[in-house]
Every structure is written in C-alpha cells, then in structure tokens.
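One chain comes next, on its own, written out as structure tokens in the form predicted on its own.
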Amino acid sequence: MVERTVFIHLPGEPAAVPAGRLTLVEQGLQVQASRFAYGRRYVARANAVPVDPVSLDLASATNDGECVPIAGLALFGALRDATPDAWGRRVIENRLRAPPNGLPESVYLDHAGPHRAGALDVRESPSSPPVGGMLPDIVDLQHLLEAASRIDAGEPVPAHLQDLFSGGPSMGGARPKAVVRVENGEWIAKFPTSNDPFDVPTVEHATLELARKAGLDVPRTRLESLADGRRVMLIERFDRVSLAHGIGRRHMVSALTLLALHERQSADSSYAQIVDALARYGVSGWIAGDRRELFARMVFNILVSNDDDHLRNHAFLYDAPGRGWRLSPLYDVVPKPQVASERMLHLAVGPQGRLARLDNALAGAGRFGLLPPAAARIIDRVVCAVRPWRDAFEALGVPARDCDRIASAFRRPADIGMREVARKL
C-alpha cells in the first residue's frame, strides 16, 4: 500500500496547496484499488476545486471519509490524467534503467515531474516541497531532440543531456516531446522520429493552422527549423496561465475522466457521450458553444481522416468563475493517409456509428443541440476551409512530396455525404 499527498494549484495562485491523501493498493506493477480523502483545511477554502469532477466532488468531502473511484475504476481519472503515459513512461524508464512498462504505477506517478499536465501534483507528505527541475529554453531544441532520439531508440541518455529532462517527462501521448520555455511561457515541443512516413511536426503544425482557418479553437503554434534541417513543432500549453509572479496552472481532465471510463472502453464511446458530459459538468452559458465547437472538430476529423480522436485527446479545463468545465482548445490532430473508401473515426459520429461521413455527422447533430440547418452551416464552414488544404499546407512549409504522401487523407466532400448536407443549407 502506497500513501501520497495530492497537491493542487488553485486558480490565480502560483504555489500548490495540499488537497488530500491518496492511498494506492498495488499488486505487482498494477493498481488494484485507490482511495482518497480530502483534507479539512482544503475543503474550507472558498476557492477549493474538486480534484476529480466525477468521483471526488467536493460535496463528498463533507462525510469526512475516504472515497473510491466510481464505475469500478482502479485509479481516479484525474490522477490517471496527471500520470504520464506512453512517451512519458519511456522517459522515466530510461532514467531509472527500467524495462518498458516495468515499474509500478506509483513510480510513474512520483516521477512525472513538476511540469505534468494540469494542476495536480503528487508528493510523499503534506510538508514535502515541490520537486525542482530545469525547464529547457527554445535554444535547447537541438539537444532535446538528440536526447529524445536516444530515448526513442531505447539508448541511455548521456549525462550532459540528462538535465534537459530533469523536470520530468511532463506530458503523455506516444510521440517524443518536451516542455520548453518560450517568451516566458510554457510550450510543448513535438519532435520528429526516424521512422516517420512524412514530416509529422510540419504536417501537424499545418493541420492545426488549417483548423484555425476553419474557425476552431486552436492554441498558438509555431515551427522551428534546426541546424540539421529537421523541424520541431511548438504548441502553447493551454493548461498554463501567466500570473504577476510566475506561471499558474489550470486544472485539466480528459473526456475519459468525465465519462468515468477505462481506456479500453474508449473505442466503444461516442462524441454524443462527451456532449452529455458537458450537459452535466459544463459551465452554464457556455455549454451550447462548446457543443458547437465539438461538432465542428468532429467534422474536421472526418475531412482530414484523423482517427486518433480517442477520449484522452479531448480535454476539459476548470473554469473558476463558472465553477464548471469548459472544452479545451484543440490538440493532437494529424491526417492519416489511407486507401480505404469507407473510413472510421475512433469515436462514434452519428446513427451510423463510427462511419466518417458528413451525412452521418448531420444525422447525429441533434445530440449536439443543433437543428439540421445550423449543423449544415457548421459543416459547410469547415468544408470550405479544408477544401484548399494543399495550398494552405505548402504556404506553411509542407514540402510537395509530403503533400503527396498525405493527400489520400483528405476527403472529397461530395464523396462523403455533402449533397445531403447541402439540402439543409
């Protein structure tokens, strides 16, 4: 049994405060069960924020007892979101000389570092100081890429490069990345790998900028060219805010957490379920707008064949004034070239399930609170922005050869139900 203190950075405050005690029951490498008890002093705070919106509502703290995750989950969703997955685990394993997925979950949680996603932190006791860690600067990108490449290849990182990851692996996801300081803020640097079928950082940058042209909510992005010709995409962190004295953190959870689901249940889920979660946990006055935004993102994913739209690639940020959750800006969208004429998204789109067609999206628009004409206008807006994708990509530096490689990802609207949509315009 492992006991830890969960800290949280409250809105507008640069330093984290202890929120409660986490108990993990582990068997071998796996968490079998977990419990959490809020601290009385934390609950008494006027600006207290729920650690987990589903399993740890602040109302549960009035019982002065321990809570367990709902729906039979072994670990609270919000703590799972604050624990590295995939790439972050590989960084920890490299540092500790451990085999892949060869450490207990508590070790990954302990070694996530000070720059982990969201506002949570995990320490040994209420009096434990925060873990230090250097945040690399943008000028370190070449060295960061060298270190990331060694980790990606399963090779030890030399001592002179280890300090670049001393702050922890920071973020989840499968691809190599690191947090860097840019303009006194925190950005995520996303690196290429040796086996990429095309220049992924450049294409992801162009895709996000195309999404911005389609009217979607996208963080600031930029592309950096290194001395050896490789490129790194930078995206500004939306879970960080500038304060008068330092950088504040925004509490963030995934759609997987809001739905109280296990990762293996993601592929059986739908965009409509995310909409339902918004109705329950969203901020009054903003729910309709977030629903429209989510619908437009779904349409964009259909048009660019982004089937990496699983529940951990949709996030929500805590809104302190509204005391609820808002849909985060868009992230992790990359076109997937393929030859199949019938394509699927990861999440169900409409009455025809995961079928990636515009008429399927239109038929399911009612779950988003949209009447057919309104849904058709959103689809038409996104279609008009995506149609000249190649011109947009080449203007953003995507080489012609890479445009050729990804061209099959982009769908002709007329082939996937746009005629049905046009009838509603």
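A residue's number is simply how far along the shown sequence it sits, counting from 1. Treat the numbers as computed from the prediction; the structure is a model and nothing was measured.
What comes next is about the form predicted together with a small molecule, which does not appear here.
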Could you check which residue among Arg175, Arg95, Arg354, Arg231 gets a heavy atom within 4.5 Å of the small molecule in the model of the complex?
Arg175
Position in contact with the small molecule when the complex is considered in the model of the complex, options Gly248, Pro126, Gly324, Pro219, heavy atoms within 4.5 Å
Pro219
Option from 310 to 318, 145 to 153, 282 to 290, 344 to 352 whose residues, in the model of the complex, bring a heavy atom within 4.5 Å of the small molecule
310 to 318
The small molecule in the model of the complex: within 4.5 Å of a heavy atom of each of Glu209, Trp389 and Asp391?
no
Can any non-hydrogen atom of Glu105 be found within 4.5 angstroms of the small molecule in the model of the complex?
no
Flag Arg237 as yes or no: does it have a non-hydrogen atom within 4.5 angstroms of any non-hydrogen atom of the small molecule in the model of the complex?
yes
Within 4.5 Å, heavy atoms only: does Leu120 come near the small molecule in the model of the complex?
no
Evaluate Asp332 for contact with the small molecule in the model of the complex, applying a 4.5 angstroms cut-off between non-hydrogen atoms, and reply yes or no.
yes
